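Shown below, as structure tokens, is a lone chain in the form predicted alone; questions about how it binds or moves come after it.
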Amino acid sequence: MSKDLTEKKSFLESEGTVSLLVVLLGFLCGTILVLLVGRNPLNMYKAIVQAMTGFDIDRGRLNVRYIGETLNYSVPFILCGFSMAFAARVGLFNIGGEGQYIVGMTVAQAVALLGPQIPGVHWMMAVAAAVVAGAFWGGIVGILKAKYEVSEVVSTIMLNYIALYLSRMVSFKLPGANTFRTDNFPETAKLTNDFFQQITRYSNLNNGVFLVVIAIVLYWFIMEKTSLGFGLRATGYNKDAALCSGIPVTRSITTSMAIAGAFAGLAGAIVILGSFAHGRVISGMDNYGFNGIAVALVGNSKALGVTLAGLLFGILKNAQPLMQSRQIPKEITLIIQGLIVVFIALRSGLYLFQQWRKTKQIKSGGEA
């Protein structure tokens, strides 16, 4: 087989390359759609550049607030991406990231309003409680799947709605609750960072960014460097082979869903304690959990990939108002995200093409 053919083969079989390709295809389709509605696609890319770097190309000015907001938006995307990715590495499809996120957010705001107002301790208690709550909510799914063969897709969808309405019931009991909010949080419960606010012109960037960095390292370490991670990955590759090798498959499934829920619960805590001054009585879902599915798919469920995909989704979300100011429909970012997921789903088609090409090469004696 020639060197050129080998290089082409590795290019097509690289997961990272495929992810980059589908992102580019998503933006290409987005560009075409902008042209079809009679707008200048350059304005779309100007908005994206401004959201990513803070630099306004039209005015030649730099506003670092946009960088802070992009990072802040990216945090829940990354964490909910990890929620989906962790389960996916074990062969599970976690659609319940949204419910786990809601449970974490609700518990965090309850502890923030009712917990002891001790500096440093208060917000740590709220975050820890959210992580435990998310793990509990995900663990329910894991137990149902491992012990009773209940489809995780069905159970997570149902638990999403249970979490939503349970959150409303609990939030209405919190101090000062009305139809959409509660009393303001005490300062000891907030994740706000005065230094970040000053250097980013009072963006919502907060201490949650440190927690997400820890989560990234923790995800990578567990999955790639521990016996637990090996057992989880082995279960995902082949449950029967893992069981024959002495790996406790039932425990692996339950553990994976609990850890997946913990990531989403952490996302809920960071959003509510970092971006809001008060608790929320939500009437609908924030959709971070559902977007986390797309983030995990684009990032191939790897630590670095999910992080980069989460940053991309954060950039697109922050670019929405900037696009509107340039006469570009903000919905174009949602279309781009959807198209990226569609193209990722077509990866199996690329795999079949590769298999067909290999078969053809074998029949032709490996000639280029």
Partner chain sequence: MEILINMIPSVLMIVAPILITAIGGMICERSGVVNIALEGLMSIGAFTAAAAHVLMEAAGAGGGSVWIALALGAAMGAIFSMIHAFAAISLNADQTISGTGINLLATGATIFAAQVLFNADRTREFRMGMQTDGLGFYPTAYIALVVVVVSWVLLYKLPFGMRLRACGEHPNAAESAGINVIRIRYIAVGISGLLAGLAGGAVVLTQTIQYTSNTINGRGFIALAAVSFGRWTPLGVTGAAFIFGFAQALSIIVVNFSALRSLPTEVFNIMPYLITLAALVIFSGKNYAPKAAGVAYEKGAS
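Numbering follows the first chain given and starts at 1. Please read all numbers here as calculations on a predicted model, not as lab measurements.
The discussion below concerns the form predicted together with its partner chain, not included here.
Proximity of Arg168 to its partner chain in the predicted complex: non-hydrogen atoms within 4.5 Å are present. Of the heavy atoms in Val64, none are within 4.5 Å of its partner chain in the predicted complex. In the predicted complex, its partner chain stays beyond 4.5 Å of every heavy atom belonging to Asn40. Arg326 falls outside the set of residues with a heavy atom inside 4.5 Å of its partner chain in the predicted complex. Against its partner chain in the predicted complex, the set Leu144, Tyr148 and Asn291 is in full contact: each member has a heavy atom within 4.5 Å. With the partner omitted from this view, the residue of Leu174, Met125, Val153, Ile216 that lies near its partner chain in the predicted complex is Val153 [heavy atom within 4.5 Å]. Screening Ile253, Leu297, Val271, Ile259 for any heavy atom within 4.5 Å of its partner chain in the predicted complex leaves a single hit, Leu297. Residues within 4.5 angstroms of its partner chain in the predicted complex, judged by any non-hydrogen atom, belong to 327-335 and to none of the other stretches in 327-335, 299-307, 64-72, 47-55. Of the residues in 81-104, those that come within 4.5 Å of its partner chain in the predicted complex through at least one heavy atom are, in sequence order, Phe93, Ile95.
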